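Presented below, as structure tokens, is a lone chain in the form predicted alone.
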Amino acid sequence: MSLLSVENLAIHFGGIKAVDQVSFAVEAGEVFTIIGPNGAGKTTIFNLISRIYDPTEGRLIFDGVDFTTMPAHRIAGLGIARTFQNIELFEHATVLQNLLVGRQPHARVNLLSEILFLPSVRRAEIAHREKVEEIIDLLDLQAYREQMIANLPYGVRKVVEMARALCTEPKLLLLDEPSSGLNVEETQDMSYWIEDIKRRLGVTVLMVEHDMGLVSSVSDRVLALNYGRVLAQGSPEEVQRNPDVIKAYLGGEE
């Protein structure tokens, strides 16, 4: 059984079909990437999976659970985390504080226990901190642990947002254009992080990306979209050679 199954997914905004009968499956342990020109519907699919949007048609199944109508606040608890094209961090908090926010889905203590700071609360706090430190070490964020987000360069913020998503301990990580705004060296580092996330943490990655160098280096399979519909699906090499994909990107024949 696939970790994530997207079945005939569609969403219409008035008369515009932003996503039109899209189906694909993501297997556990792979990096699956969605590509396509601007406006192809890539981020809309992420918003549907994140339950920010309600689909007009279709089903979403994760780890055997149909979550098509599940409220957005339950998605992290289900085992799905995501990043955004526009970084969504608490700018006037430290890196450590931002990452600890990612532990919220695993909070199990009640208000009275918190007020009394019972041993169970102390143990939970230690466990949360240990998990956060594990992610800090994985993504080489030690030097930024106590720094305010507002004082960090853009490339580091991108890594911090990914780190916060990982602190939820997801089974599936949605990366929305992780290389956007990064220079060549930072993009290369991002490819290493994605490989480590897959190999060392065992997290499955579903990615939207424009940088075909990054796509080719980390993806197991690729899905190409245009105008909300599937153009091609296969290995990175197969999809990049597909005539319909070439036409969508270049506006003409190969």
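Quick caveat, the model's predicted, so the values are computed rather than measured. From 1 onward, residues are counted along the sequence shown.
As for the form predicted in complex with a small molecule, it is not shown, yet the points below apply to it.
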Quiz item: in the predicted complex, which of the listed residues (Ser120, Gln85, Gln147, Asn183) lies with a heavy atom within 4.5 Å of the small molecule?
Solution: Gln85
Quiz item: Of Leu214, Val203, Ala40, Leu60, which one comes within 4.5 Å of the small molecule in the predicted complex, counting heavy atoms only?
Solution: Ala40
Exercise. Would you check, heavy atoms only and a 4.5 Å threshold, whether Glu169 touches the small molecule in the predicted complex?
Key: no
Self-check item: Residue contact check: Thr187 to the small molecule in the predicted complex, 4.5 Å heavy atom
Solution: no
Quiz prompt | Ala232: touches the small molecule in the predicted complex, heavy atom cutoff 4.5 angstroms | solution = no
Quiz item: Using heavy atoms and a 4.5 Å limit, would one call Ser191 a contact residue for the small molecule in the predicted complex?
Solution: no
Exercise. Choose one stretch from 215-223, 30-38, 63-71, 193-201: the one whose residues place a heavy atom within 4.5 angstroms of the small molecule in the predicted complex.
Key: 30-38
